[in-house]
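One chain comes next, on its own, written out as structure tokens in the form predicted alone.
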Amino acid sequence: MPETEEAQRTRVDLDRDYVRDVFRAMLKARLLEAKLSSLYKAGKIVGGVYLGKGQEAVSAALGASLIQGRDIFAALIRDQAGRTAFGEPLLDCTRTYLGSVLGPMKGRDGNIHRGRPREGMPAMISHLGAEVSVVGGMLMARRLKGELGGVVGATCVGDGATSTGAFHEGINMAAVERLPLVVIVSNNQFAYSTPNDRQFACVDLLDRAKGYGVGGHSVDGTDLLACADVIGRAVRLAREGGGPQMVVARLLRLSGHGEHDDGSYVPGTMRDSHLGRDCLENGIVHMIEQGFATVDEIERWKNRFTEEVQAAVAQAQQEPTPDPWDEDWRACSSEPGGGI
């Protein structure tokens, strides 16, 4: 389908450095997660590995729109690209997955349940809708301290999380308080193995934005440039006093719920209809065709990021893990030596 004039104009107007930041975060996250998948299958990682394959454009566009050191980003299960764009070091990821005591959770809590709250990145909560309330609470705390000006709080959830009570309570409170909150809903069409038509009866999840009285935006989650535009605009609106914003991204998860899951419940016809809709593959084409990067640049980035991933894994593998005979297990304590 040919692009509209508005879509073409949007691509021209996008900031070049911002788009390049989004793409590089996508690429680095894909390479990192491919390595994590290999380590999991080799029995080197205890617990689950959950990939953001196919959702990197959405997550990276959000992370790159936020300001590290000022904003709040509650990264979720498929947000490695967003974490990377927001400035999380590779070692924070590899150390946590491999149980190093030098990681942000000090080997006490694993994998995606990591964060640095003092730096604006709360640790992930498995009950996925709950992060909306966490970010809302952090924003309220900033307001009470007179430090909310110019701040944005953001999180990503899947379509399944929108059916939880925590999501409803959190976004409703943010709407009433007019908080600068951005919630990205990655509608990957399955809450684990439950399809959309068994989750909600509304025609489009964007309808929920109207019900809550918050700004609503829709985007093709497989289109890097569209995500950069729409999500970047939602963050700006929240930052400028527009109140909460909800973005619904349409896509299909390109992996199982986790590496333990083969995704066999996804109908073959649905998989076939999304062939060629990998946001990273599409992004490479868009970057080159729209003049945001050259083929040689992308190849250099890929080689450099591959080396960085290998180095981060090698370093984490050599570091000590917690000693159960000399442990206080205070991953999130604010006391010296126990906080993050």
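Computed from a predicted model, the values in this text were never measured in an experiment. We number the residues from 1 along the sequence you see.
The same protein also has a form predicted in complex with another copy of the chain, omitted here; what follows describes it.
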Does any heavy atom of Met270 come within 4.5 Å of a heavy atom of another copy of the chain in the predicted complex?
-> no
Counting only non-hydrogen atoms and a 4.5 angstroms cut-off, does His168 reach another copy of the chain in the predicted complex?
-> yes
Spell out, yes or no, whether the shortest heavy atom distance between Gly243 and another copy of the chain in the predicted complex is within 4.5 Å.
-> no
Taking heavy atoms only, is Arg239 within 4.5 angstroms of another copy of the chain in the predicted complex?
-> no
Okay, which stretch from 218-226, 80-88, 203-211, 181-189 lines another copy of the chain in the predicted complex, with non-hydrogen atoms inside 4.5 Å?
-> 203-211
Taking heavy atoms and a 4.5 Å limit, what residues of 150-166 are near another copy of the chain in the predicted complex?
-> Thr162, Ser163, Thr164, Gly165
